[in-house]
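Next up: just one chain, as structure tokens, the form predicted on its own.
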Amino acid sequence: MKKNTRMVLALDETDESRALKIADEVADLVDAIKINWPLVLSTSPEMITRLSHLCPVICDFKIADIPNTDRLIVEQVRRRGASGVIVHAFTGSDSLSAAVKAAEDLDVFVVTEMSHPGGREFTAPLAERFAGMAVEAGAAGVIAPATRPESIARVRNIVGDLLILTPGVGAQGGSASDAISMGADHVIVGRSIYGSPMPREAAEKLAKEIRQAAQAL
């Protein structure tokens, strides 16, 4: 995964034409575009392929099932042209290993902790264990929350050189500069960009903040 601007766009827009317009506007300002079920379900799985022609695509499907189902989903994501996929670890090491094995050259990112307040209830207490499972399974990286930047630092101590992608910046209250200073490789930003009347201007502002934070390290 390239590390130019260190920013990933979470494109949760459900209007097809607007989603493609925003992606085209900011593709050169982000290292990847992360898409979730809202965009895929409101359009089609073909959206993965279409966006991949503009920018690397990470499918945030938070896969959490038995090993065979995890394998089948990851295979389809790969065949659609995505560059990465996000999976959960709580279903067990066998499911996680199946996802990583099926990924081949696809980057697998493991959720250590959800970024919303409810994430404190079940995922946060097990975040370090999930991070360890990501290392053992051979994942490319993990997801750790910008809303709780201290968690990023703890996860970094476990995952070493694995990539850390950090959601929760902007609308959820997380800070891009705090996330970078705590050890995140990439900051995931959604509504602050795609919900802005001027997406490119918003993306440029955030890219500048991330760049300054990285330079201060």
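Just so it is clear, the structure is predicted and the values come from calculations on it, not from any experiment. In this text, residue numbers run from 1 along the sequence as written.
This next part talks about the form predicted together with another copy of the chain, which is not shown.
- Shown alone here, L106 lies farther than 4.5 Å from another copy of the chain in the predicted complex, counting heavy atoms only.
- Using a 4.5 angstroms limit between non-hydrogen atoms, S97 is distant from another copy of the chain in the predicted complex.
- Proximity of P38 to another copy of the chain in the predicted complex: non-hydrogen atoms within 4.5 Å are present.
- Using a 4.5 Å cutoff between non-hydrogen atoms, N157 does not count as a contact of another copy of the chain in the predicted complex.
- Though another copy of the chain is absent from this view, in the predicted complex it lies within 4.5 Å of a heavy atom of just one residue from M114, A140, A102, A137, which is M114.
- From the list 24-32, 178-186, 41-49, 146-154, the contact stretch for another copy of the chain in the predicted complex under a 4.5 Å heavy atom rule is 41-49.
- Counting a residue when any of its non-hydrogen atoms is within 4.5 Å of another copy of the chain in the predicted complex, the hits in 117-135 run P117, G118, G119, E121, F122, T123, L126, R129, F130, M133.
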